[in-house]
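Next up is one chain by itself, shown in structure tokens, the form predicted on its own.
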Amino acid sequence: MGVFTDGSHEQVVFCQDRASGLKAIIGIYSTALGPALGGTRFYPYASEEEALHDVLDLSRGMAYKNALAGLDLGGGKAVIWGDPDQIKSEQLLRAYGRFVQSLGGRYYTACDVGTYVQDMDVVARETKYVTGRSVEYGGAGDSSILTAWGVFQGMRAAAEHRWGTPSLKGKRVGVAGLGKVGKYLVAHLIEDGAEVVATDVSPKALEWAKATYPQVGLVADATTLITSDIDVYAPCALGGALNDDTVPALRAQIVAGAANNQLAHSGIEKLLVDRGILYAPDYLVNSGGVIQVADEIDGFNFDRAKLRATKIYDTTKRILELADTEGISPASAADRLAEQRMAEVGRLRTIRI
């Protein structure tokens, strides 16, 4: 069976520059709301098929994320196939930038796993269709700042929906992953009066937590965390955190975290509902980062971007209320609103000007 049998993606571009070692795939799922925006993932995939599957899945996710975030941007994503520690170079990044430029503005790129703001500065030497650049070059800098802020807002909305108050004060929150986003999220939670327990696979991250927030409880691993007596679970590391093994063992009443693709497969959302666990859809609550980099397109203003990211609170409340009213899962409610906006606003482009 071919990968395009559902006819969902508008465009998929395979890019190769033998001299630099560049092998990349750019996936554009939809431009119904505007140019596609999504980051570039630099990763040593086991095969080209695995890389293609990832870019198709991720670009679709970006379309829904951007729609739900209220952005006039479509969904796209790119992957560079290879180990960034081995092959990343100025030559490769600039070659990639030229392929992005060749799409004429149909796709804006940004940072993702394996790429950083400094890389986007290099890519930008060959294309103007790049965001997530460094502050020195007029960019937004570290997008994890507003990613964490958005997750915190989504968590507050879920808390109000479940407990009647948007405060996490006195609640025990388990944070899995103390990377860039997890660190900022911990700061917001402590400031709000929450009790935080956390874990990370990196000894360096754990040392940071001990030194910066000695009041944070640290556990051995994610399995220990989810079986702990916590009120809220915040997966902030790899995808697939909610699966057939973890959901039955989870003791939290709310899940709200920064990780992408938290639901391991279709059907997990029903398992969460059946267990009475309130799930704040990942691509909604972690959209603060894309809101931040999208703001660069019109000239970055942090206060404006933060105000937009703060609205994740309102959108989360709306989705949780819709889920209750319609008797569906929050994940289904989020998809419905995103699809509705893409259809209704996208239709306006048929009116010729």
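Numbering starts at 1 and runs along the sequence shown. Being a predicted model, the structure only gives us computed values, none of them experimental.
There is another form of this protein, the form predicted together with a small molecule, and it is not shown here; the text below is about that form.
Enquirer: Work out which of 127, 144, 253, 246 lies within 4.5 Å of the small molecule in the predicted complex, going by heavy atoms.
Expert: Of the candidates 127, 144, 253, 246, 144 is the one lying within 4.5 Å of the small molecule in the predicted complex.
Enquirer: Of 273, 230, 209, 237, which one comes within 4.5 Å of the small molecule in the predicted complex, counting heavy atoms only?
Expert: Exactly one residue meets the criterion: 237.
Enquirer: Although the partner isn't part of this model, could you tell me whether residue 187 comes within 4.5 Å of the small molecule in the predicted complex, counting any heavy atom of the residue?
Expert: No, no contact at 4.5 Å.
Enquirer: With a cut-off of 4.5 Å between heavy atoms, is residue 179 one of the residues that contacts the small molecule in the predicted complex?
Expert: Because a heavy atom of residue 179 falls inside 4.5 Å of the small molecule in the predicted complex, the answer is yes.
Enquirer: With the partner left out of view, is residue 202 within 4.5 angstroms of the small molecule in the predicted complex by any non-hydrogen atom?
Expert: Yes, contact at 4.5 Å.
Enquirer: With the partner left out of view, is residue 286 within 4.5 angstroms of the small molecule in the predicted complex by any non-hydrogen atom?
Expert: Taking the distances in the predicted complex, the answer for residue 286 is yes, it comes within 4.5 Å of the small molecule.
Enquirer: If contact means a heavy atom within 4.5 Å, which one of 96-104, 170-178, 81-89, 155-163 is the stretch that engages the small molecule in the predicted complex?
Expert: Stretch with heavy atoms near the partner: 170-178.
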